[in-house]
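Take a look at this one chain, the form predicted alone, written out in structure tokens.
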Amino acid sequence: MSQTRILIVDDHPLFRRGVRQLVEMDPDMVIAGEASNGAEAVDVAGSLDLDLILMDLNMAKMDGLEALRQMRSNGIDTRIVMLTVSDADDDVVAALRAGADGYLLKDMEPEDLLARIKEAAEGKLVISPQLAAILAGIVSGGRAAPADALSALTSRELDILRALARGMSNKMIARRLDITEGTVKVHVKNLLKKLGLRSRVEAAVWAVNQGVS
């Protein structure tokens, strides 16, 4: 089994070094590169073969949120997890809506952080425990799809929604359903439109709330 290739994006060299040392304690993971700001990260992400990107939110030149948006706009579908000090509701919601696959706080215990990084690499949605209420709130307040919206989905879209609810990546879904990643992306786009939701994270949380698993 090949190692999980990770990019660290943070403007503090000491923090990057600490994350590198933590990650490389696990023989299944390797740091493939580092970037000190969002603009650099966008360039590096487009040139390296990566499985996971760990990215800070507040950086000079280009912040993590803008870098995230640009990466997704450029078609980069590598899993991206925000690793930051900010627990502000707006930051969490903005990152997840922009396509982040997780949101972790830097004050986590090292062993917990390593466990979450491993889960993210396996395709799971990861979020610091104290932020779970914010995640649930993303699909509340009238923005969530109606419960009967499930009936509008095709059987294939329903299969993919179940996979999203389990936190699976496009690559994992494609492998499980024996279809291409491109086909998975089309189905995800269609089901989001039908459900009136804006991101796969919202769809995942809504599906869990509806008992779809």
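Values in this document were obtained by computation on a predicted structure and should not be read as measured data. The first residue of the sequence shown is number 1, and the count goes up from there. The term rigid core refers to the most C-alpha atoms you can superpose between the two forms while keeping them within 1.5 Å.
Note that the form predicted in complex with the DNA isn't included here; everything after this is about it.
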Among 40 to 48, 27 to 35, 57 to 65, 154 to 162, the region lying within 4.5 Å of the DNA in the predicted complex by heavy atom distance: 154 to 162
In the predicted complex, does every one of Ala115, Lys118 and Ser128 come within 4.5 Å of the DNA, counting any heavy atom? no
Distance check, Arg69 to the DNA in the predicted complex, heavy atom within 4.5 Å: no
Please check if Lys189 has a heavy atom lying within 4.5 Å of any heavy atom of the DNA in the predicted complex. yes
Report yes if any heavy atom of Arg166 sits within 4.5 Å of a heavy atom of the DNA in the predicted complex; otherwise report no. no
Using a 4.5 Å cut-off on heavy atoms, what residues in 169 to 185 are near the DNA in the predicted complex? Ser169, Asn170, Lys171, Ile179, Thr180, Glu181, Thr183, Lys185
Hey, does Pro13 budge by 2 Å or more at the Cα between the shown form and the other one once the core is superposed? no
For Ile160, state whether the C-alpha moves by 2 Å or more between the shown form and the other one after rigid core superposition. yes
Pairwise C-alpha change, Leu57 versus Gly196, in the predicted complex against this form - closer or farther, 3 angstroms or more: closer
What direction does the Gly196-Leu65 Cα distance move in the predicted complex compared with the shown chain, closer or farther, given a change of 3 Å or more? closer
